[in-house]
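Coming up is one lone chain in structure tokens, specifically the form predicted alone.
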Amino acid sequence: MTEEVFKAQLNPSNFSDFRVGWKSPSNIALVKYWGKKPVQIPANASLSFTLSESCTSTEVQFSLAEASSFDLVFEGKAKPSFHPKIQDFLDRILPYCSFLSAYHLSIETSNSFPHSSGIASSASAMAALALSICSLERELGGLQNEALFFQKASFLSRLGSGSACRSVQGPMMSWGEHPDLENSSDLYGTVFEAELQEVFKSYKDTILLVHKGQKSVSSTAGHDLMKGHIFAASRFEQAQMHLTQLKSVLQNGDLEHFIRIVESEALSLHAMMMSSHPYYILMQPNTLAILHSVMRYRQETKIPVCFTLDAGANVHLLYPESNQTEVQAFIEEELSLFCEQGAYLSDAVGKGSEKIV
């Protein structure tokens, strides 16, 4: 499949006003992608859990207009600081959604989590907006094929935020071509089709908020650090190998191996940033304290809890639903002490986006 299949072919006589809304989740990568090629193509394949509770809800009123334009309200207030990213996104997708040149978009959006909570909302936000645009295209006569509808939504999402292409469906999505993942693609995310062991279908993710502020380096700048990185080739190879291994683990339920892969991926991501030029240390002292506490607790109790990290200081604590009671006590009694104002978010593996209007 090439990008050409995503170029809309619509009859302008069908154009009309339309309102739609989607709720899209964030996701947490188990195998990370770090480094990309133009335009928004990953240097290695990645695999993520789709989350359930950390979501962006977006409603869009599409009104016929003489030229493409938009306005945006975030949680009831105008948000001019969001405009450059939305404009870049709309400009980038216009070759595939030429019908947008005839519309003004009134966008109303909100998060189920505090915007300053340290959860990257670009993935959920771009997925919800892309799905709304695809819904308009379907209303106008295109994208009648269900599979193509979600492929294009993921494709468009990717052009706004790479990881957003993994927020369209669930419970797990991959992104990037990989020889062991059937139908995998660099152009869009695909649902992980192998049969998941039951334990992973209800996995829990508690997000420990060590730092609620913005990251010291943007994701775009972080990915650029991989250009010419002395360890880049080895890292890409490691990620591909880990994905092969994780596919088997997700089918056989080997939680010990799951933990080794997931924690290794998290630490490798930060190792690449700490060994780049310029280098960044995004973990904070309390991040390290949590990691040490988790490893000690796991050794002492034999409860299969593990950590993963995005490109920031916060920690995602992953564990089976069957261990929720014990792990919740561990969080309250020990880990919450390392969180900013004791804050954390409770989440779990989810099913993906849903239409709300």
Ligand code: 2P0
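Computed from a predicted model, the values in this text were never measured in an experiment. Heads up: residue numbers just count along the shown sequence, starting at 1.
Missing here is the form predicted in complex with the ligand; even so, the following discussion is about that form.
A.B. asks: Taking the ligand as it sits in the predicted bound form, is M283 in contact with it (heavy atom to heavy atom, 4.5 Å or less)?
C.D. replies: Looking in the predicted bound form, residue contacts with the ligand do not include M283, since no heavy atom lies within 4.5 Å.
A.B. asks: Going by a heavy atom distance of 4.5 Å, is A29 a contact of the ligand in the predicted bound form?
C.D. replies: Answer yes; at least one heavy atom of A29 falls within 4.5 Å of the ligand in the predicted bound form.
A.B. asks: Does at least one non-hydrogen atom of L187 fall within 4.5 angstroms of the ligand in the predicted bound form?
C.D. replies: No, L187 stays farther than 4.5 Å from the ligand in the predicted bound form.
A.B. asks: Are any of the heavy atoms in S52 no more than 4.5 Å from a heavy atom of the ligand in the predicted bound form?
C.D. replies: Output for S52 is no: heavy atoms all beyond 4.5 Å of the ligand.
A.B. asks: Mind telling me which stretch in 76 to 84, 213 to 221, 236 to 244, 148 to 156 gets its heavy atoms within 4.5 Å of the ligand in the predicted bound form?
C.D. replies: Among the candidates, contact is made by 213 to 221.
A.B. asks: So, Y203, I331 and G350: all three within 4.5 Å of the ligand in the predicted bound form by heavy atoms, or not?
C.D. replies: No: no residue has a heavy atom within 4.5 Å of the partner.
A.B. asks: Go through S112, T287, T109, S122 and name the one with a heavy atom inside 4.5 Å of the ligand in the predicted bound form.
C.D. replies: By the 4.5 Å heavy-atom cutoff, the listed residue in contact is S122.
A.B. asks: Heavy atom within 4.5 Å of the ligand in the predicted bound form: which residues of 254 to 290 qualify?
C.D. replies: Heavy-atom contacts within 4.5 Å come from L269 alone.
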